[in-house]
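Next comes just one chain, in structure tokens: the form predicted alone.
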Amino acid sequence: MRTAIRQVRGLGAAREGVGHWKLQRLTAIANAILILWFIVTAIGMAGEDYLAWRAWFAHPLAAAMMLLLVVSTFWHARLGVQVVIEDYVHHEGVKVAALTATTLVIFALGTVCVVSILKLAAGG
């Protein structure tokens, strides 16, 4: 004979939900600040030519802020897509495949962006 608590023990939250939620909110706040910074910068550089933008990217602070923006944005996207997949995909095999594919695609896109920013910052 099994009690109700014994049946559900181990099936509840794995103590990861709150950390995931906090991380998603932290990246959202970082994104808001960094996107605002980028919009203000882009408006200030409106009408500038390609060489001016390259010179801007070559500045260490600008490159660092752009790297933070890219990493935070892709991390936030990964967290959000993970929640959607976990909530709405019920077949375990499809869920694992979707989470793996999402992680790989977001990591690849983020890597391309980071390498591009570093290349611009190095003057290449």
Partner chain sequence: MARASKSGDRARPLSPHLQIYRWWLTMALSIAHRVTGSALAVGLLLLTWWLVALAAGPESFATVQAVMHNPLGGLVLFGYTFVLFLHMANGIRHLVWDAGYGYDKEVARQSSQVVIGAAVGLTLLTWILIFIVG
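Numbering follows the first chain given and starts at 1. Note that the coordinates shown come from a computational prediction; the quantities given were computed from them, not determined experimentally.
What comes next is about the form predicted together with its partner chain, which does not appear here.
K.L.:
How about residue 59: is it within 4.5 Å of its partner chain in the model of the complex, going by heavy atoms?
P.N.:
Close contact is absent here: in the model of the complex, residue 59 is far from its partner chain, nothing within 4.5 Å, heavy atoms only.
K.L.:
Any chance residue 25 has a heavy atom within 4.5 Å of its partner chain in the model of the complex?
P.N.:
Taking the distances in the model of the complex, the answer for residue 25 is yes, it comes within 4.5 Å of its partner chain.
K.L.:
With heavy atoms only and a cut-off of 4.5 Å, decide whether residue 116 touches its partner chain in the model of the complex.
P.N.:
Looking in the model of the complex, residue contacts with its partner chain include residue 116, since a heavy atom lies within 4.5 Å.
K.L.:
Using a 4.5 Å heavy atom cut-off, state whether residue 94 contacts its partner chain in the model of the complex.
P.N.:
Contact with its partner chain, no.
K.L.:
For the stretch 68 to 90, return the residues whose heavy atoms include at least one within 4.5 Å of its partner chain in the model of the complex, in the order they occur.
P.N.:
The stretch touches the partner through 69, 70, 73, 74, 76, 77, 81, 83, 84, 87, 88.
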